[in-house]
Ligand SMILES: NC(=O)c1ccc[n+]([C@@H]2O[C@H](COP(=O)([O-])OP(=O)(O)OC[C@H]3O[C@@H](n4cnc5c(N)ncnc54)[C@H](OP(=O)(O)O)[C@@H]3O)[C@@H](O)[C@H]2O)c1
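The data below hold one chain only, encoded as structure tokens and taken in the form predicted alone.
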């Protein structure tokens, strides 16, 4: 099973402010939609609740929430290990990790992320949520420029 992390960040690895994206970039939203439509998306509970109510759960995707507590809104798991074991037993080919600094960090630290789909935003923001350095373990495979930045695909450096 392939694990793909999807996020937008600045060159300083900043990804959010107060639990939400501080920008609205239609190209980035469309890119995310194209990558994840019909796929499994995995997020934290706070990310799930940060989605506008009309988009919860995200349509045309199997939504999974990682949380230690009881969660009844959609499918959930208490640990990454339980999630991985269940999805492997279902012979799932790919999952997309879609938000939560702690969740991205946990997948990176466990060396579980196979690919990164990163939108590199070329604006400066004052944010409070950033990713740990992850690029030293990945190789840039492709890059496409657009008005506000670049869509980058990285693969794990085995």
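Numbering follows the first chain given and starts at 1. Everything numeric here is computed off the predicted structure, so don't read it as measured data.
Just so you know, the form predicted together with the named molecule exists too; it's not on screen, but the next bit is about it.
Contact between residue 20 and the named molecule in the model of the complex is found at the 4.5 Å heavy atom cutoff. Taking non-hydrogen atoms only, residue 46 approaches the named molecule to within 4.5 angstroms in the model of the complex. A residue is said to contact a partner when one of its heavy atoms sits within 4.5 Å of a partner heavy atom; residue 87 fails this definition for the named molecule in the model of the complex, lying far away.
Put simply, residue 101 is close to the named molecule in the model of the complex: some heavy atom of it is within 4.5 Å. Residues placing heavy atoms within 4.5 Å of the named molecule in the model of the complex fall in a single listed stretch, namely 102-110, out of 88-96, 53-61, 33-41, 102-110. The candidate site formed by 7, 66 and 129 is fully in contact with the named molecule in the model of the complex, as each residue has a non-hydrogen atom within 4.5 angstroms of it. Counting a residue when any of its non-hydrogen atoms is within 4.5 Å of the named molecule in the model of the complex, the hits in 69-88 run 69, 77, 78, 79, 80.
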